[in-house]
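A single chain comes next, written as structure tokens; it is the form predicted alone.
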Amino acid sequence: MELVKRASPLQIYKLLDRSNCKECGRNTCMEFVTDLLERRVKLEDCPPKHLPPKKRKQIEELIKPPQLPLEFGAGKNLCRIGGEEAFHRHDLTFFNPTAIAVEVYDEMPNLMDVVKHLDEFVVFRIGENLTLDAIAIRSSSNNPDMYAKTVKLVSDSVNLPLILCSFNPEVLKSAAIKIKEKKPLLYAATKENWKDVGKCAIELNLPVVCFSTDLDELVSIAHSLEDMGVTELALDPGTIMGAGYSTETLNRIMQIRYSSIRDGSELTKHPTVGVPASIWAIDNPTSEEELFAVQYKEALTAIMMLSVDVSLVIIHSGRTEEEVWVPLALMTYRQNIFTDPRIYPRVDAGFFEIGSPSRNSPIFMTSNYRMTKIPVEQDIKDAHIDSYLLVVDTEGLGIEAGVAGGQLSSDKVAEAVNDFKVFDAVDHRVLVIPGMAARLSGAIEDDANCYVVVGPMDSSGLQKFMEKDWNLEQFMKEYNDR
């Protein structure tokens, strides 16, 4: 497949005054251009005195992504979706991970308890706090006054951005007016209501989701709203589940993304929305077994959408502690997908204390690949092992890949041992290395002048290793007898 066309740094550089003024926070104009393309700086960071309006407009056109971004929410709780310029993550990278929202409804008996749970939901995993991105409030009452009162109450109680869900324009507007400063997302404009929803969006300066299962009709709704003056739109081509329908849903989403990102179509240039929660409109479980089956289908549909970079998914499950596995599965999967494939995620090499180590505590070794170091550290903490952790610079590669490619070698380990004065912290010279680096054990012993113990293949086995295999006195005797 042909790669997405992207402006070259030189194209943008030629439009700058090339004064290297450093007022943007970068040392040179070329450094600014590079960071601009990677979205680490904004065009506004270049002072107007150095960039005339005409050239600024030219650069804006050059860096505009084929899929436009959409923002809802306000302040530090802003949610940004879309804005992608890669069809596949290995082409460039995905900049805005899929936003995950959980739906509630205005007649829900324990509504405030649920929204507070969603707002406070956080799981720490691999050095990152995983959270939800929005709460979708559906109007089941279809009562404008009741809906507006409920939305205002929720808005005053939570920090997450809100999505207002109703096909009734009067219901949407009644609530949107109450919280317009929070910039909620309006869901949804259809062929029946688009004029009224569009007027509301323009009056309150709010973004809108367009909905239709017919792609031609969906494009027509979006185009009509653009002509009215609505500037921020998203497209929901419908989420239909059941035998044979999942493929149809996926195909519609892929057609929109293909048309906008690869072909640069002005008609489909907006973020995409999927609603796995719609499965609950057709399935009504009556037992625990049936309930799990429906939740599982919903989770699989959401995972499918995450896999193809849908900009926003709205799910039903996740409102209670018993359902926590659904959003947790999605956030874990999202964390794994939305990393930059061109950059090995690394942490700093170093020598770290875990717990309260003594002079006889073990020293474990790992790589500076982020997805290796952090789980190893967490496993040691979970096992309550007071110890030291030596993190070797493997250029951001994991243990197995580092050993195979030479980025993790006995020389590298010996260098780290000396640089960080590892054995000055203890009264022994024993180093525990990962099982995947076992073939380096002899060379490390020679180069680092230590006794090497080969630990488990996975750090989750360290507790058992300490209970059954750790024998410092025996290890030091063997070291001294060499």
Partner chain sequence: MSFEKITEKLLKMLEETDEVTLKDLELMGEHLEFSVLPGIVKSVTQSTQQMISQVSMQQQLKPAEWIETKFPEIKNEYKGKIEEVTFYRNKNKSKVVIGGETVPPFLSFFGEKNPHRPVVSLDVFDYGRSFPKPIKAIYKDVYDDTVAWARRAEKFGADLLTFHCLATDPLLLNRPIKEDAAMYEKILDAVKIPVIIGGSGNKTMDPQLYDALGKIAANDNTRTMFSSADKETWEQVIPLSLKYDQNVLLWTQLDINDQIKLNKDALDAGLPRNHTVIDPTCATLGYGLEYSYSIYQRYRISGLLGDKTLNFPTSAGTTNAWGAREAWMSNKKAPQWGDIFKRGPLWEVTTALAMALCGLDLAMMFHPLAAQTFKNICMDFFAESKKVTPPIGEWVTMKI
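Residue numbers count along the first chain shown, from 1. Note that the rigid core is defined as the largest set of C-alphas that superpose within 1.5 Å between two forms. Owing to the predicted nature of the structure, the values given are computational and were not obtained by experimental measurement.
Same protein, other form: the form predicted together with its partner chain, not shown, and the subject of what follows.
Contact with its partner chain, judged by heavy atoms within 4.5 Å in the predicted bound form, is confined among 384-392, 190-198, 76-84, 176-184 to 190-198.
For the options M254, L153, A349, L111, the one in contact with its partner chain in the predicted bound form, meaning a heavy atom within 4.5 Å, is M254. In terms of contact with its partner chain in the predicted bound form, the residue from S361, S409, S259, N96 that brings a heavy atom within 4.5 Å is S259.
Proximity of T213, S278 and R370 to its partner chain in the predicted bound form is complete: all three residues have a non-hydrogen atom within 4.5 angstroms. When its partner chain is considered in the predicted bound form, I354 lies well away from it, no heavy atom lying within 4.5 Å.
Although the partner is absent from this view, D458 contacts its partner chain in the predicted bound form, with a non-hydrogen atom inside 4.5 angstroms. Within 4.5 Å of any heavy atom of its partner chain in the predicted bound form lies no heavy atom of P144. Proximity of N129 to its partner chain in the predicted bound form: non-hydrogen atoms within 4.5 Å are absent; the residue sits far from the partner. In the predicted bound form, its partner chain lies within 4.5 angstroms of at least one heavy atom of each of the following residues of 397-417: L397, A401, G402, A404, G405, Q407, in sequence order. Relative to the superposed rigid core, the position of the CA of L462 differs between this form and the one not shown by 2 Å or more. Once you line up the core between this form and the one not shown, the Cα of N368 ends up 2 Å or more from where it was.
Core-superposed comparison between this form and the one not shown: the Cα of Q378 travels 2 Å or more.
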